[in-house]
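The data below hold one chain only, encoded as C-alpha cells and taken in the form predicted alone.
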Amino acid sequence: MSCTLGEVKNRADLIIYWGGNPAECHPRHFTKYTIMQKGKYVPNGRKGRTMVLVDIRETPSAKAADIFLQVRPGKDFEVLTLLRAIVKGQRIDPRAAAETGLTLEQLTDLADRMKRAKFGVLFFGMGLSMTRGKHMNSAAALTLAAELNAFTKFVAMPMRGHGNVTGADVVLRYTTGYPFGINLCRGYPRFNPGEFSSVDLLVRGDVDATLVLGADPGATMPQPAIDHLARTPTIVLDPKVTHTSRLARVHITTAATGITAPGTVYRMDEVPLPLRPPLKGPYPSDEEVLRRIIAAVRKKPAWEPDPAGVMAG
C-alpha cells in the first residue's frame, strides 16, 4: 500500500478479515461493502479505513491489506484470547505471544487500533470457524467484539461460504432462539455447537438418515461425514446434480429459487431480499416438496414401542 504508518494510524474505521480470502471467495465485498465504499461518515472511502488481514498464509487478499498478520496454524484461539487480555489491560508474557507466530508488539498494536477505532468490524471466515477450535474460535471472536464495545462501536460478522446460509440462521434464530447446532429430539430446542452441529453428528455416526436441502456436504465436509452419508439413507433436494446427490438414495430435483421459483434470501448482513422468478419451470419448489413430505408423515400412525420387545429387554 502506498501510504505511511502515520496515515494508517489516523484512519477512523478498522476492518479486520480473519481466516478468510474475500479477494477470491467474495470478490465484490471490498468494492461494494467495505474498504472502497464512501459513506456519510467516511467520505474519503479507502483513505478513511484501515484493513487488517489475519490468516495462516498470505493470500491474494493481503495485497489489499494495510497490515497482514500471519498466525501459526491452529493458534487462532490463543491470539484472540491474548487480544482480549490486552484490551482489558492485563500483562502478557511475550513468550505466549511468540507461540502464536506474532510478537507482543503486533498484538498490542492491533488491540490499540481496535480500541481507538471510531467504528470496527471483524469479518471471520471458515479459516477460523472450521479449523481446530471451531465454535470455540467463533465464540472467542464474538466475545472480543462484545468487549470492545466498552471502548468504541465494534461488530463481528461471519463470511458465509454458500448461498443463503444467513437465511437459515435468521429463520432458526427467530423460531428457536438459536442460529444453528440445534437438537429438537426432546420437543424443545437445545443448542450445543460441537455436539449438535451437522458435521459433528455425521462424523460421529449419530444419525441414521439425512435430509439435505440446498447444500452439498459431499463436497465440503470431512471424509468420515461423507462416508456416513453414503452408508445411510440420504435424501437431497437440489436443482442440480451435486457430489451429495450422486451418493444419495433419493434426489428430488427442485426449482431454482430466484429463477423458476419465488423466495427470500438474506445477505450476510441479514438484509432480506425478495426474489421474483423471471422464468417458469417444471419442477416444484423446495417449500412445496417439504410440505408434501410433512403431509405424508402426518398421515402415518404414531410410533409406539413394541410391548414384546420391551418385555424381552
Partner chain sequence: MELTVTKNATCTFCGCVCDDIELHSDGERIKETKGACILGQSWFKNHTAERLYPAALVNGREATVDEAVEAAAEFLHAADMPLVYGLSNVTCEATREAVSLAELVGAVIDSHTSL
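Note that the rigid core is defined as the largest set of C-alphas that superpose within 1.5 Å between two forms. Positions refer to the first chain, counted from 1. Note that the structure is predicted; figures quoted are calculated from it, not measured.
FYI, the form predicted together with the partner chain isn't displayed, but the following is about it.
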Tell me whether His251, Leu290 and Ala296, taken together, all sit within 4.5 Å of the partner chain in the predicted bound form, counting heavy atoms only.
yes
Gln223, Thr175, Gln90, Asn149: which sits within 4.5 Å of the partner chain in the predicted bound form by any heavy atom?
Thr175
Ok, Ala85, Leu213, Ala98, Met136: which has a heavy atom sitting within 4.5 Å of the partner chain in the predicted bound form?
Leu213
Using a 4.5 Å heavy atom cut-off, indicate which stretch of 74-82, 202-210, 90-98, 104-112 touches the partner chain in the predicted bound form.
202-210
Looking in the predicted bound form, any heavy atom of Thr264 within 4.5 Å of the partner chain?
yes
So in the predicted bound form, does Met36 come within 4.5 Å of the partner chain, heavy atom to heavy atom?
no
Heavy atom of Phe196 within 4.5 Å of the partner chain in the predicted bound form:
yes
Partner proximity in the predicted bound form: Asp227 to the partner chain, non-hydrogen atom cutoff 4.5 Å
no
With the partner left out here, which residues of 269-288 have a non-hydrogen atom within 4.5 Å of the partner chain in the predicted bound form?
Leu273, Pro274, Leu275, Arg276, Pro278, Leu279, Lys280, Gly281, Pro282, Tyr283, Asp286, Glu287
Displaced residue check between this form and the one not shown: Ala261, CA, 2 Å or over, core reference:
yes
After superposing the rigid core, is the C-alpha displacement of Glu105 2 Å or more between this form and the one not shown?
no
Flag for Ala219, CA shift 2 Å or larger between this form and the one not shown after aligning core:
yes
